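In the structure tokens that follow, the same protein chain appears in two forms, which are kept apart as structure 1 and structure 2.
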Structure 1
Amino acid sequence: MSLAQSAPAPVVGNPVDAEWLRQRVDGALDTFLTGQERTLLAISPQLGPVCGTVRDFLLGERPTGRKRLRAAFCYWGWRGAGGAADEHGAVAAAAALELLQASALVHDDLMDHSDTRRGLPSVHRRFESLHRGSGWHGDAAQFGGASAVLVGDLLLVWCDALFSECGLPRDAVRRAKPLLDLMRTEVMAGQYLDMLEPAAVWPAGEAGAVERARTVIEYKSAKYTVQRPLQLGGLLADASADLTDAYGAFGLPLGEAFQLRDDLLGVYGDPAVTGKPAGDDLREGKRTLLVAETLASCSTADARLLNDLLGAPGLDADGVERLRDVITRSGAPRRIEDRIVALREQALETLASAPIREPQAREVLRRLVDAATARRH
């Protein structure tokens, strides 16, 4: 039986939808993009495909939907510090994090040579198809890759623009902005370390790989997905130092658990649900904690097979299944599941004693713990 089949049932009633937050974030993005599209099209109508691609990527219909987790944690960090529920500026600031996430995903897909994102063509493949379908001169793949770099850079610039002009008082934005800058530095560092790992060959029992994988999780995912968004929302509402620290202690284990669930889905997930091909992480050669734990306990022969096949060009379904067998046989998936449970309990314990001012914020954050750790996509 696969882990996808034995995973906990999804949470009923997504807590991200509390107070219609997802729709409010989408509305803030829609308004912002409309203004930016006017700027681009005033430069040249040839930028129409850029406008369309960005809008589709951020707001278009997708088979698996949009999680908006970073925006949710930012908003509920705001609410937990006493911020008003009806403050549009807080929603706009939270929505800025979705522009940062979109930038990271566009670049990540290019670096990983991913053909799809949530069941639709990735941005570099979309521009590659535009080049090829238009009969233009030059290399279509190179054009697609270069376009994705520029689109990702544009989204990063727009993240700063939306956050800075979100509508909250200037002193609130100035108070939080250094943490946004740190968050962006941390995720770029984590992304580089993640990219660096596949260049190495890991022998069986190589313990250093586990610690390196945990460092990648901390900076590429845990801080970026949960901890920093929560703290950003809190700082925007002038949170106390105690609450800011509590958000940090709550967000780090929850963010790690979220990424560990993602790693399991990347190997065992159902593509009809995740929107990614089965075993895509194995084809991309990702050196996750799941893989590191496998290599720390598997036989020399299995380690050799893992190093030979992980990320191999043209890895087929049979190769993916052989890698899954090695990972399952090592016992690593069960250890990862146990760690997710322990991290979840650590986060909940911290949340229970955090000096949160709004009871609804505490309840939604508790439900977000369940949503982040028991999800199927």
Structure 2
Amino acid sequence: MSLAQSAPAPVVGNPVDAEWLRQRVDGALDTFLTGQERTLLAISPQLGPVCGTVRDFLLGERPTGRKRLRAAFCYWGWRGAGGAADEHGAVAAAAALELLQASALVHDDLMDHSDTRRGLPSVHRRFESLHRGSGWHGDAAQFGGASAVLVGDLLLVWCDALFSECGLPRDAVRRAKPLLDLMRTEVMAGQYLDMLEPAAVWPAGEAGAVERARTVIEYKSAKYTVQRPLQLGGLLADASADLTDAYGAFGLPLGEAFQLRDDLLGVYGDPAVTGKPAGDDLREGKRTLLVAETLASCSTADARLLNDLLGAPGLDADGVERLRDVITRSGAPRRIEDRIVALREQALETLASAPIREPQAREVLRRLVDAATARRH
């Protein structure tokens, strides 16, 4: 089991995908899941589909691979605070964040009624198929949805279980645990606000959309994906208040830049590279900052077209093209690119002066800024 192996020297080429770290995170997840599967199957063999679905969701092969971004930021936050490179407990704690992310994805897909996740059926669809394929009684869709609620809940509980039992000294866990709980509250708040955005009716011409989109990015992405994981890793290694603050000041702009790049890729990304259909976000009707910026500056006619077509059922390639034109015309992409540059500068400046104790960590985090802001997928 890879957790038992000694860690080779870290590859810093592209740390987000650093194979050595990902292998260790996967090893920690594998060990943990094996224990939970033992518990579940001892209760009843009928829990087999739950075990199988969770294992495949977390460890099954995926065409686009897995970034394990949150685990990576947690681990490098640990290293930057002086934590040992091959400390299995830190890797296990970092892996717990991937259980949280899996829970969020399972529940997100259910809330959005998404049929797929990374090109494979979403969890509620898998259980719906299990129900249909088995010729069971009752409503297959309801069974699928209910199963996904339970699987997401299990993953949320297991995030705690793995984090609490990661193997680091109890004081380390105790220091970091409140931030893990805050991080989870923040991301759920961000998800609710994100969901509210397209639903709520806002006062005509009110200018709050851009601000609200920023709040969603801050809580649903920046804090959740970068800032809190970094700070969690730091606290596990007893980071100073200065370093924790520096991680905060570095993680927020980097996390926002990462999300803004994601938003641009969601509209202009090359399907061959992103692995997602062209204009995916437009089809899903996501109310990103890019969309808010467009609405804040485009003509009334363009605004109407955007509101009509964004997320419209059966939006075709032509519709996607028309939406792209509206967004491009508005100049919003340019402004978003400028903001990414500014955020990148801000992150790099903070990083340069951060009281990071391990040079390699600073170097890896610097490269993460490049990976996050210049990536094409």
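Note that the rigid core is defined as the largest set of C-alphas that superpose within 1.5 Å between two forms. What you see is a predicted model, and the numbers here were worked out from it, not measured in a lab. Every residue number counts along structure 1's sequence, beginning with 1.
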* Structure fact -> Form predicted on its own: structure 1
* Asked: Is residue 313 one of the residues whose Cα moves 2 Å or more between the two structures, with the core superposed?
  -> yes
* **Post core alignment: residue 121 C-alpha displaced by 2 Å or more between the two structures** => no
* Asked: Using the core for the fit, does the CA position of residue 30 change by 2 Å or more between the two structures?
  -> no
* To do: Align on the rigid core first, then pass along the CA displacement of residue 325 between the two structures in angstrom.
  => 3.0
